[in-house]
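Presented as structure tokens, the chain that follows is alone, the form predicted on its own.
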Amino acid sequence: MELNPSEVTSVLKAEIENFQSEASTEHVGQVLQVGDGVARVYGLDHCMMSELVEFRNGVMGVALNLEEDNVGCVLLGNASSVKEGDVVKSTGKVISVPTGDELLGRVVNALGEPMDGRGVIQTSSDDLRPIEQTAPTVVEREPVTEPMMSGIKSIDAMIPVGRGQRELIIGDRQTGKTALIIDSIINQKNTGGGDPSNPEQVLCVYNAIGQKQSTVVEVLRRLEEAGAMSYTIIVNASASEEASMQFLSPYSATAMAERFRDAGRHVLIAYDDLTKQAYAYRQVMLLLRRPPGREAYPGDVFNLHSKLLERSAKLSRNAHELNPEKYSGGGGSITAFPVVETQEGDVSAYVPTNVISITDGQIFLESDLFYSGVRPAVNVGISVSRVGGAAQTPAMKKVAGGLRINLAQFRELEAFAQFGSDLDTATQQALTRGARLVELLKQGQYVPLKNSEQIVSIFAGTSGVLDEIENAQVPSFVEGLVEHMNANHADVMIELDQWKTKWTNEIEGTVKSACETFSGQFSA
């Protein structure tokens, strides 16, 4: 039998191709050193930055240091089973988390795994998103023009927040930062009735970083009682979790929020708090032997927060036309409430100044105000919104125009009046109105107000209706006035709840006459 060389060649080629298709190539390495949740691995020459690697017993890690002779990995999960000499496999995938509607109403960890004991979250492989994404470009963004109502009078009137804005909440510990976030999440129920399938409903993501487990349970309980968990995801990286999970959880939470934003939905995300994320990042980077800088933070701690917060934005309405591969809808937004904790009110510390320079304004909560009974303890002098009136409803903008100035004058005159000298009529009047406005802006916890209720309350203060009311009676007067308006002028209240409604002479006349009528009833 004669053999044709060309036939032999074709048979060999076919066999080689079949062999290559059946064989799978694995990149493996070996653990050189392990301890404190960090492992150094030798042999992963093809490893990518932020790539997932698999250790024994299914423990996963993330490659963060790509050095010449080894790869520095942080371990996710129980690190006690990882030993020196163990084989490590490269997965070829960057760290990703599940996203989508299935996560709404659930409590998950930084990897998107359920923590609420309610079973597995059913998501497909198409729903996995890398936790680090590029921020929208300049042309894909649009200016902030729609209000994100918090339901808190002092914020919506003087420090308005808009959809797509990044408003920092800053203050010492135990001054009401988390309570302010919970109120804002509860208030979003007014946007779509709490139905996550309603395209008008603002969806919420609450990211707990380094918090006590009891605090997270309390947040969950409050949101469930208010019926707000149906449109909320809680991403929990509590104080008992590894530092790596605490540092990665804000990126995971943002990836979950981006899934909704890219489909044209509006999302409110709160990072509570970024100070603890910076602590966790510093711990991980020092263990990985990165050179420390100021306050022992690594040199890229500014980039840590800037690359996170730049992902919060208001998308252009034609974003899906500009980048159809990334966006399936247009006009969506992520509004960010990053939280930073200060020490003794020092806003000039390293992390606070970093985050202040990245965000579009800050709400400063002051200990002295909190302990003197002014709650929420918002210091109006230091707090600012760099978007300003552009994100405020026209009616609120008109009614609350002089509120900040009146309060500033009151604070100045209050210090002067303590000397006890005789005061002229104008000064006494400014002090009287200022004291009434301070009482007016006090608000109970977990009771956010609708836009109409805030406008009516603030009009009563700025128009002088409250000047004749005793200071202690201001809260009950305002509460009664709102009930009177809801009962007798429901059409006006419904109209004021629409954020495009203007403060016309007709509406002003109706509210003014209602104030006079109720004032007579209240005095009697």
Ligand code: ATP
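Residue numbers here begin at 1 and follow the sequence given. Keep in mind that what you see is a predicted model, and the values were worked out from it rather than measured.
Below: the form predicted together with this ligand, not depicted.
> Answer with yes or no whether Thr175 is in contact with this ligand in the model of the complex, where contact means some heavy atom within 4.5 Å.
So Thr175 counts as contacting this ligand.
> Does Phe370 make contact with this ligand in the model of the complex, using a 4.5 Å heavy atom cut-off?
It does: once this ligand is placed as it appears in the model of the complex, Phe370 has a heavy atom within 4.5 Å of it.
> Can you check whether Pro376 is within 4.5 Å of this ligand in the model of the complex, heavy atom basis?
Flag for Pro376 set to yes.
> Evaluate Val380 for contact with this ligand in the model of the complex, applying a 4.5 angstroms cut-off between non-hydrogen atoms, and reply yes or no.
Outside the cut-off, so no.
> Considering this ligand in the model of the complex, find the one stretch among 388 to 396, 321 to 329, 443 to 451, 196 to 204 with heavy atoms no farther than 4.5 Å from it.
That would be stretch 443 to 451.
> Pick from Leu104, Ala263, Val94, Ala179: which residue has any heavy atom within 4.5 angstroms of this ligand in the model of the complex?
Exactly one residue meets the criterion: Ala179.
> Among Asp127, Glu146, Glu241, Glu341, which has any heavy atom within 4.5 Å of this ligand in the model of the complex?
Flagged contact: Glu341.
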